[in-house]
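Coming up is one lone chain in structure tokens, specifically the form predicted alone.
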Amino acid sequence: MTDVHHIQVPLWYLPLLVLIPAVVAAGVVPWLSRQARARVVPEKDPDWSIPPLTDSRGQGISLIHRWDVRCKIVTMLAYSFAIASLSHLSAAVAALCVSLVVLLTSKVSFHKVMLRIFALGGFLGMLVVVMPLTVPANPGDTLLVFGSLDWLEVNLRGVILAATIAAKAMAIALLMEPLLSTAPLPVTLHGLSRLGVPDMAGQMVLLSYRYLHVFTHEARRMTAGMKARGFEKKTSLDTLRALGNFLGMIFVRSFERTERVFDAMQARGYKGRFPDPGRLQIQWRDILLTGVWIAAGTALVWFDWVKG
């Protein structure tokens, strides 16, 4: 392919490109792990039957907190689709910058944001590594060749494409924290119900979130009891048998607790619907903020179209 441009770079660039991300990951991953353990195993054992349904460590109430939850859900969903439609790296980076600005103004927990990024980073990291090596070379593409390794060609178009996808994914993922952490979960689910989502779906999500903490705490207690009795994970039938018994006990206890919870709900007058957590009312500032978001999404789409 005569129209493909090849750029020869020194071979020592290759280990440098591998070592720099590895060193960064070696420093970031342990820090995130410590932050996750600090959140999972706090100094004082909390009441796991009442998990926090909103971010209580925020530094204040922002404009996103006061935004009507229905407008917030619809606007961020439409804005996310606008981000997903972008096709140029510059527009995707601009969308990522907008998401970062929203994070700073919404005053959500920085540690939760970093954990969300870390959960997404594994997949995006593989994408950034694999795509430049697998994208087929088209006329006009530029390929990097490291030293005499002619079989190892990095397509710069693949690098740009992977970076564009990663920026769009990060921009959308970062918006989920202001959406979920700036209003209590019952209020968010109530807003979804007012938008037409079946009430039963919202109740299932709320109960699942609430009692997932309880079952997780129960699993930790059982794991601590097994370790206190000398249990160690090994590649053996005894370990498989112990893990099978462990999962069976978790299932039985979960089923029994579910029956008790449902009986308690019926004894308190549950008729298939939870009471509304509050009255939702759209005000002029909600409409104004929605218009600003729609304008920002339209501007990004227009900028991306102009770049094309």
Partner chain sequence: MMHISDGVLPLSVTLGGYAVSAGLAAWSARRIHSRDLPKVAVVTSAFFVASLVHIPFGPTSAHLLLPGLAGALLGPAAFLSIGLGLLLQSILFQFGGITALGANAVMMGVPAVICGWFFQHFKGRTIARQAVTGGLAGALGTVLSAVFLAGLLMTGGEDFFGVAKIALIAHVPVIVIEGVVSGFTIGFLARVKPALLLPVRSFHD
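Take the two forms, find the largest set of C-alpha atoms that superpose within 1.5 Å, and that set is the rigid core. Being a predicted model, the structure only gives us computed values, none of them experimental. Positions refer to the first chain, counted from 1.
Keep in mind the form predicted in complex with its partner chain is missing from the figure; the text below concerns it.
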{"item": "Phe146, heavy atom within 4.5 angstroms of its partner chain in the predicted bound form", "value": "no"}
{"item": "Partner proximity in the predicted bound form: Gly27 to its partner chain, non-hydrogen atom cutoff 4.5 Å", "value": "no"}
{"item": "Contact flag, Leu280 vs its partner chain in the predicted bound form, heavy atom cut 4.5 Å", "value": "no"}
{"item": "Contact of Ile250 with its partner chain in the predicted bound form (heavy atom, 4.5 Å)", "value": "yes"}
{"item": "Its partner chain: the contacting residue among Cys97, Leu195, Ala84, Leu152 in the predicted bound form [heavy atom, 4.5 Å]", "value": "Ala84"}
{"item": "Heavy atom within 4.5 Å of its partner chain in the predicted bound form - the one residue of Leu120, Leu103, Val93, Val187 that qualifies", "value": "Leu120"}
{"item": "Triple contact flag Val130, Ile172 and Phe262 to its partner chain in the predicted bound form, non-hydrogen atom at 4.5 angstroms", "value": "yes"}
{"item": "Residues of 191-213 having any heavy atom within 4.5 Å of its partner chain in the predicted bound form, listed in sequence order", "value": "Met200, Met204, Val205, Leu207, Ser208, Tyr209, Tyr211, Leu212"}
{"item": "Asn245 C-alpha shift between this form and the one not shown of 2 Å or more, rigid core reference", "value": "yes"}
{"item": "C-alpha of Asp276 off by 2 Å or more between this form and the one not shown on rigid core", "value": "no"}
{"item": "Shift of Arg194 between this form and the one not shown at or above 2 Å (CA, core fit)", "value": "no"}
